[in-house]
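The form predicted on its own is given below as one chain in structure tokens.
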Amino acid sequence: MSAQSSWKRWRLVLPALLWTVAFFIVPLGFMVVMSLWHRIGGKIVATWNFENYIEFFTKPHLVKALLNSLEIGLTVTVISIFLAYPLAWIIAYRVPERWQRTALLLAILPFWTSYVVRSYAWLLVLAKQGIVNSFLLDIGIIAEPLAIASSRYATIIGFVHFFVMLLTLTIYANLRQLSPNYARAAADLGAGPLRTFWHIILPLTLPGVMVGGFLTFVLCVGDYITPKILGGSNELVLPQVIMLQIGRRADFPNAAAMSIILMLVVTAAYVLCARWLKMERS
């Protein structure tokens, strides 16, 4: 390979490489360095130790915030998968092909609404004087309004409303890529619909499920807006704690350490899903 040809290739890659270095690697490196410092007497001091990390795991309320984030993320991911798979199946195999684009358009409508507006809309729906409580009171199921808003349940509902659509798109794409010959071959060999789904359709579409599930989990764990609006301050998640460290205490080293811990959690989730994510890329 000539030097001129090599330079042409590098010239194509260089803008993306510089962008990655400037806006990802450098900020990440600075955050790692900052997490080893401390805020002492209103000033940030370069102490170069791991006390911020040790402090995090020795304070129960901080560990609880991390567990809250994980529990909400896992719950939303599981519920969203169970709701999205049947919806994607219906669109892919039960909706006539000429109407599938319209069905997908309706499925992605939540993406057209502002994230903040959508969260506040759910807050109004789930409030004590909201539509849900009014309906349950009118039909006599409950005697007094339920405290749904400003709770973990409200946060989960808001997340699921958004991420079901994301998972529907990833699963639908996998279902449409499957050849109908798989199901025909299974039927010829005597497999019923349930057995065909469990042994053939589900394993072949699992990469799409895992990609959507991984994205759902990562976005849930790192989200600040929805838990803040719908969950209130009764049960903090880790992004809320990080924002409190920045907004109220200006403790940037502590916030940086918590952010690194959150990134390590996301990395662990990626490692667990790496097998299926590689299958999807291939």
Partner chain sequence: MKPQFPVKKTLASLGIPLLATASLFYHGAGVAAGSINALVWCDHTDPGFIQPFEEANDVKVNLKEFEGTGAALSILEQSRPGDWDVLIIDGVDVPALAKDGLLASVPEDALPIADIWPEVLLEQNHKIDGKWYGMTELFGYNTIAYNKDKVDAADMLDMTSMWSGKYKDRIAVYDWHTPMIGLVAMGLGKKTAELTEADLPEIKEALFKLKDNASQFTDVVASQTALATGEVDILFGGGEWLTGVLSQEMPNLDWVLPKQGGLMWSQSVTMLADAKNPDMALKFMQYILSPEGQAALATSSCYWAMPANMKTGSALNDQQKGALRWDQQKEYLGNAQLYPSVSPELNEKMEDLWTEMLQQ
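Bear in mind that the values here come from a model prediction, so they are computed numbers and not experimental data. Positions refer to the first chain, counted from 1.
The following text describes the form predicted together with its partner chain, which does not appear among the structures shown.
For the options I108, V95, L124, A187, the residue carrying a heavy atom within 4.5 angstroms of its partner chain in the predicted bound form is L124.
Taken together, the three residues H61, S150 and G232 all come within 4.5 Å of its partner chain in the predicted bound form, as judged by their closest heavy atom. When its partner chain is considered in the predicted bound form, K128 lines it closely, a heavy atom lying within 4.5 Å. Under a 4.5 angstroms non-hydrogen atom cutoff, its partner chain in the predicted bound form lacks W198 among its neighbouring residues.
Proximity of F82 to its partner chain in the predicted bound form falls outside the 4.5 Å heavy atom cutoff.
Its partner chain is not drawn, but in the predicted bound form it has a heavy atom within 4.5 Å of L244. Of the residues in 247 to 269, those that come within 4.5 Å of its partner chain in the predicted bound form through at least one heavy atom are, in sequence order, G247, R248, R249, A250, F252.
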